[in-house]
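Here we start with a single chain on its own, the form predicted on its own, put down as structure tokens.
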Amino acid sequence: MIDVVVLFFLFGLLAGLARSELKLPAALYESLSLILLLAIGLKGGEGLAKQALSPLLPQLGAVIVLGVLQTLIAFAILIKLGRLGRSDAAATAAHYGSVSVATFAVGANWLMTRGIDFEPQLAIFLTVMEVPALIVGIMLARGVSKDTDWRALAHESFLGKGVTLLMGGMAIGWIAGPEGLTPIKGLFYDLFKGALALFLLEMGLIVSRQIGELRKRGAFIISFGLLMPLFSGLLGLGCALLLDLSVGGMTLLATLAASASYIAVPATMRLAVPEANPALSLSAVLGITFPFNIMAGIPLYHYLAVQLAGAF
């Protein structure tokens, strides 16, 4: 059975393809993004308040390596097989080495709806995995150059809206703890699924606008948008197995690895690699990878996680 939030995405997609006048006000879309990011951070922080932080350091190191590895592999594929220029290949690879908050939110909701628990540090993994791909992507595009404005880049990477909201929410959840968060759970916990449904409605409308760009780019970008998340998802499952995560944690880390950024990375790449064509990467990310992950990828990653957990 298709999750109701995915039905909202399909509704937005079909409405956009039919050229409906439907659209969400920009202020509402921004507000929904803020609520979702803070809610994810708060839930992660609440879970972290119940455990020690020092054992997490090796896990954080592992997911950083995972993000770097994905970026390098994607870059090699785009250069060798896709024959993209260096800047376009590096920018697109950075999208696929980074992560999508919306895909994470859908994955977390998919698990919670089915009563499947996952480790609270997955919210920290989400935040940590945003940045390494950005840095690697810029280095691949430009190399280490004295012309690179590292201060501006660091500000965009570490203090961008998404990372700031996630880290801030996590800090609040960790400091307040479960009891301190009780007064605001109605907004950030109980309404989470409704906010996610409206957010995905707008995402469906956005994706519908990328279909024309996909027609221009041909079979390679479509194939890459489907196969790269599958490969990255397998890497994520392998990493989760090494970290001894639960089935829910394995599913969500695979989902994170398979996702691709369409917020933090485009903003940073516009600053650092302005010659790269954003339509190329966004058409693959939003036109192919995002819909695939939320409709078919997450159940597939869970199935594989169950099989791996049973085998080991």
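Owing to the predicted nature of the structure, the values given are computational and were not obtained by experimental measurement. In this text, residue numbers run from 1 along the sequence as written.
The next section is about a form of this same protein that is not shown, the form predicted in complex with another copy of the chain.
- For the marked spot (A76, I77 and V101), a heavy atom within 4.5 Å of another copy of the chain in the predicted complex is absent from each of the three residues.
- Note on contacts: among L56, L48, I64, L38, the single residue with a heavy atom within 4.5 Å of another copy of the chain in the predicted complex is L38.
- G115 falls outside the set of residues with a heavy atom inside 4.5 Å of another copy of the chain in the predicted complex.
- Interface residue remark: L42 is counted as part of the site for another copy of the chain in the predicted complex, having a heavy atom within 4.5 Å.
- Contact between A197 and another copy of the chain in the predicted complex is found at the 4.5 Å heavy atom cutoff.
- When another copy of the chain is considered in the predicted complex, L201 lines it closely, a heavy atom lying within 4.5 Å.
- Contact with another copy of the chain, judged by heavy atoms within 4.5 Å in the predicted complex, is confined among 164-172, 81-89, 125-133, 228-236 to 164-172.
- If you take 24-58 and check each residue for a heavy atom within 4.5 Å of another copy of the chain in the predicted complex, you get L24, P25, A27, L28, E30, S31, L34, I35, L38, L42, in sequence order.
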